[in-house]
Structure formats: structure tokens, C-alpha cells
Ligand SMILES: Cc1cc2nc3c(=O)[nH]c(=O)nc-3n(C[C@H](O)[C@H](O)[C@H](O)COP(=O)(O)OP(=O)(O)OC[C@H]3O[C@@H](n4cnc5c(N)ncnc54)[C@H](O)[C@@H]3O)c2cc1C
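Before any questions on binding or motion, here is one chain by itself as C-alpha cells, the form predicted alone.
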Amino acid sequence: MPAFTDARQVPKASVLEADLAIIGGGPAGISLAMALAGLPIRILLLESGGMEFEAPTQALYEGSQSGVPYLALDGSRLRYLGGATNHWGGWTRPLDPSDFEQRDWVAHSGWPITRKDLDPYLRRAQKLIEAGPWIFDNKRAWTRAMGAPLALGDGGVYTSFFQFSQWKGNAQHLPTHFGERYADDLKKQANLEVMLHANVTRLGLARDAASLDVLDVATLSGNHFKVKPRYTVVATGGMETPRLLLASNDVMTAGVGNQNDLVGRYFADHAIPRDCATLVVFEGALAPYYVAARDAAGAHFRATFSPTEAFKAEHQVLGSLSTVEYPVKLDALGLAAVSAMAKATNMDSADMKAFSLGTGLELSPDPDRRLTLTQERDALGMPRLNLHMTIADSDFTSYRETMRELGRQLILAKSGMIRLNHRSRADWLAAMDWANHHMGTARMHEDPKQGVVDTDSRVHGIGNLYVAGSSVFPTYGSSNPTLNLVAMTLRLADHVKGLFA
């Protein structure tokens, strides 16, 4: 079986057969394909792009937006083999156990699985991502290498750690680009064919809508053919997954899996407002892993400030991960505040230094934050998307509560203080950026009235159609999604193996 083929060369009107079709060649699609190596089945991975960036293919992502300003839809992903890993920063961290729990104070929260269900897959995902040994919040490893974390009094915020994906063997700490890094492995996989420039434009359901019968595939060069798979996994990301489901509306008029009007709802990203607080360190010195990523214990890592599990529950705050960004100069009011606090705590502030803090914020789930189809069509005739973006004032209030706690702990330890820089919604939005983490639009829930896919990532009501990737996340945590979505995909791979046992 040829490993890499070009859909533009497939004879027109062909009908190809496969035991498993994987739509999308990003981290989820590639991880799934590799996890099924050796299985006695024919796997066809259909990737819209090629091996490199191509502007006409990228333009298929274009769409419109409303609500809170967001990023251009065609600027949030790269549409060629490797997907989002072609431009990611490599930030890696597992979701917290509480991220999976139903929180009475967070509407629409709760996964149908627990963190323990994902634990067997996280370290395997870590190896694929190449983020080093599993250390994370074992701060002794980082302390031995570069000094102790900033002193904090007892309380609800602690120093946590990211590790970074590093493409094996490179000295520049480049993150692992799945398409290039694993191209040779994919080519050698005997049961796999990777087809490039293959755009799936329709999920063709059987007349009873209980199963998927056929995939319509098109190329920008004008070729059209079909694939008849026994099972299909959609792994096209948090925007393209709902687009494909909604656009496939010839049998289910609301779209595949959308019988309860949930496909495309609950879109989320991590908000990353800039300069959200100023951190003052009385002694001036910070361990170097706060201000930049460093190397130790076989990993590339960086420190953040995070609320503890207990604090999140007791104070009803969402997750956040705050990073020290760059030194700043205090204005006269800031200098006066530091002087007064230093005197009150008997601290010498002569060597004081101040730093800007950035953060990644978890958003609360919102069904009105959603993707819908428009009347505009792309070059393949597919309807383009509109994103209606929202962010609640309570999401900002939650983070201010966490920063107040960090300030209290700094004062308690006589090590520093915090100034909150954004007070109004307008302040927050003026400083807003986004992380390009698309999540939630085909959410997982046991109840089809509350989710698009079930606990096994199968689309409710359709026996042979699955979804992989962070679009299935019901809630989002504050950790970057890649490690977690790869782990979820490896879990799905075990389920797929059972289908062919």
C-alpha cells in the first residue's frame, strides 16, 4: 500500500474503500494513525493540505465573526500535514483533576470521564510530543538545578510548571511538528495510506441516519471521488469539525450529530490578556525559570503561578496560569506603594524589581459562543463559518480573585506584592489576545441532549462515526490542550482496536 498519495491523482469518480478513514492530519489524526500501526486493517488518512503551506488551501479557513473581537479564522491554524503543530509554541501541561469534575458553580461543566481515566495515556502522549520526562510540578527537580521558587505564604496559589515539546535532536528547542517529524514513520506503516490535498466535503449518512455510508472528497484542482469506510474519525480541529458536521445536512437537515442543536456551540479558547498584573519582588531576584524557559533534568521548562485545586473549589474560581513576562518600571504611585509596604513588613526594598504578568485564562462554557454556517462559500463550495465570540465578566472577576490571593501570599511571605492593572471590561478587552486553542464545539457527554459525542467519542446516534481532538472537551482548564487531546486520542485508539478485534 503506498504511504503518501495525492488526491489530485485519484481517478475521477473513483470509490475507494477503507476499514478506517481518519479525516485530518494534525496531532490527533497522526497520533491515531500511528497508534493503530500493526492492526490488520486498511487505514486511509485524508489531509486537506500537502507537506508545506499553500495559500489557496489556507484560504479555505476564511470566515466571519461577531461579538467580542477574536483572531482571523484563517490565521488560527495551518492547513497542511501536522496541523496546529506546524506553528505551536510547544507549551505542555496536563489538565488538572478538577477540570474533569462537575462544578456546581460552573454551568455546563463536567466530563463523563475523570483524570484517572486519562492518566494511562498521558505519558504516552508526552513521548509523542517529546516534552521530556514526566516532572511538571515536582519542583525539587527545578530547584536543584536553578534555585527555589519565589517564597509564598500558605494559601491558594502555587508555582506550577510547564514543560515544552522539543523536536528530538535540535538545539534550538523547536517544538515537534508532527507532519515532518513523523513523516517517515507514517510512510513505513504498512496498513496506512496518507492522502494529501484531500478535502472531505460531506459526511454521507445512510438513509436511516444511524450510520455513515460514504465520504465525498474534493480537491482544489477539481477532482471528485468517494470513500466508503467501515468507521470514520473526524479529527479536523475545533472549527472545521463542526463545519463539516453542520454542512453535511442532506439526511439530517440540522447537520450530522446536531439533532439537539449542540454542534458548534461552546466554542472556547484560552484568553491571554497582556500585562494583567505587576509583580514586585522585594529582593529583586527570581529564579531564571520564571522569566524564560530553561533546561534541567532532561526537560525544557518554565514556571507559572496557578490556583490550587482547593482554592478553585472553595473560592469558585476558574483555572489560570500566569507567567512573568518582562521587567517594568514603576510609576510614582507604584514606588510609593512599595515603600509603604516594605516599611510595614520590615523589608528592604532597595533591590526591588517589578515584572509584568501575563496569563492564560480558562473560560466558562457558554452555549452562545458558537460557530454557525453562513451563505458564503469557499472554493470547494463548502459554506464558510461565522464565529460569535463571548467572554463573561465573571471570567475576569475569577482571575482577579486569584491574583488577590497571590498578593496576600507574597505579603505574608514578605517577598513581594501585586498590583492589578485591569479594572473594567474595557481594560481587559483592550489588552486581550488569544491562544489559538480551539475547543468544545463537539463536546463529550453521556446525554445526547448535552453533548455531541459519547464517552467513547462516538457521535450520538451514529454507530460508526467518531470525533478526535479538543473539540470534544466539555470544559477547558487552563492548560494548553495538545498533550491532553493526544492522550484522549490514544484512549480512542484503544476503543477503535476493540472494534476490529
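The first residue of the shown sequence is 1; numbering continues from there. None of these values were measured; they are calculated from a predicted model.
The discussion below concerns the form predicted in complex with the named molecule, not included here.
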Handout entry: Touches the named molecule in the predicted complex: residue 149 (any heavy atom, 4.5 Å)
Key = no
Handout entry: Contact label in the predicted complex: residue 77 to the named molecule, heavy atom within 4.5 Å
Key = yes
Exercise for the section: Answer for residue 223 alone: is it within 4.5 Å of the named molecule in the predicted complex, judged on heavy atom distances? Expected result: no
Exercise for the section: Indicate whether the named molecule has at least one heavy atom within 4.5 Å of a heavy atom of residue 161 in the predicted complex. Expected result: no
Exercise for the section: State the residue from 459, 32, 46, 472 whose non-hydrogen atoms include one within 4.5 Å of the named molecule in the predicted complex. Expected result: 46
Practice task
Have a look at 100, 91, 282, 396 for me and say which one sits with a heavy atom within 4.5 Å of the named molecule in the predicted complex.
Solution key: 91
Practice task
Assess the spot marked by 265, 362 and 365: is the named molecule within 4.5 Å of a heavy atom from every one of these residues in the predicted complex?
Solution key: no
Fill in the blank from the handout: Partner contact check in the predicted complex: of 336-344, 419-427, 304-312, 198-206, the stretch with a heavy atom within 4.5 Å of the named molecule is 198-206
